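One chain is shown next in structure tokens, namely the form predicted alone.
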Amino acid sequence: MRKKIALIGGGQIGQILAMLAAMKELGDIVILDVPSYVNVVKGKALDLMEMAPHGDYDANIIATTDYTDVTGADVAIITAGKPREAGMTREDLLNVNIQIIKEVAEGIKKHAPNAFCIVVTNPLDAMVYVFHKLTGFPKNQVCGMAGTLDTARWRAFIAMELNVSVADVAGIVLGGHGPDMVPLPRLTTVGGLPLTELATPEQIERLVHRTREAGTEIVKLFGKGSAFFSPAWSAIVMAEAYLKDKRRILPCAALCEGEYGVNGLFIGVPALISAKGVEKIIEIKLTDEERAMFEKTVASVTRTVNECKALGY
């Protein structure tokens, strides 16, 4: 029997998630959206089914407004929410998107209580916290996509800056999904060589800044809306690691309970993702400078989560 993937939200990210999941044959796909948009999503689902002969994949893809259609889903990827617009901070999205996440959490808890849940909706650090609180799911079952995307951007910018293959760039970004995130040049390599020996301090500083502002850079270019290709692929990487028990170490927003000195927050840290979900958070030793930056990003996430708590979550 094929696996079942529930995509909550059929917008830009949702449609690309559906295409990638189908092309990778990760399972059958259910795209859920609101009644006012569902006909558009049904059109996308049908279009993807019509692409299957040339795409050379077998997957049933449907669109719906009914949570009963996601019953028994193995994975749920949540993108539903208002997109960020130019001049809008992630925190500006909080009040509207928290209500959307509340409805999603209720639907997933009732109909797909065993799904591995990946939250993409912004402001991500707060939304994954609220989703976890409302579902009461075990911590290994819920995570946020952020760190995987932030690290991909870091790797991409390094490859672009040094004019090398992105396949040879390895690195990691810690922290919240915002301007205080913490790229780690010290642990970044290019073809096995330390980034610090291949790039000047000025280049590294520029790369760190661009990574922290990557989302905003795209929002400014679009004028309305935010990134969709790279977030979708990042979430698929995480879903595939779970569905195929690939045991990948991926940075993601995972619930820390003492790791890195953090308690009760979902924050970007390296995690082992397997058939058990977020099986283990991996702690790395940080320098004093890295620790100070990490504590800054924790403070930012804490402020956003405290706003959720003030609203009763």
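Just count from 1 along the sequence shown to find any residue number. On a predicted model such as this, the values are computed, not experimentally measured, just so you know.
Below, we turn to the form predicted together with a small molecule, even though it does not appear here.
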Exercise for review: Answer for Ala73 alone: is it within 4.5 Å of the small molecule in the predicted complex, judged on heavy atom distances?
Suggested key: no
Exercise for review: State yes or no: in the predicted complex, is some non-hydrogen atom of Arg210 no more than 4.5 angstroms from a non-hydrogen atom of the small molecule?
Suggested key: no
Point to revise | 4.5 Å heavy atom contact, Asp180 and the small molecule in the predicted complex | key: no
Review point. Asp28 near the small molecule in the predicted complex, any heavy atom under 4.5 Å?
Key: no
Check your understanding: Which listed residue (Ala112, Leu93, Ala214, Leu195) meets the criterion of a heavy atom within 4.5 Å of the small molecule in the predicted complex?
Key -> Leu93
**Study point:** in the predicted complex, the residue from Ile158, Leu124, Val173, Cys117 that sits within 4.5 Å of the small molecule by heavy atoms
**Key:** Leu124
Exercise for review: Work out which of the listed stretches, 165 to 173, 199 to 207, 99 to 107, 237 to 245, brings a heavy atom within 4.5 angstroms of the small molecule in the predicted complex.
Suggested key: 99 to 107
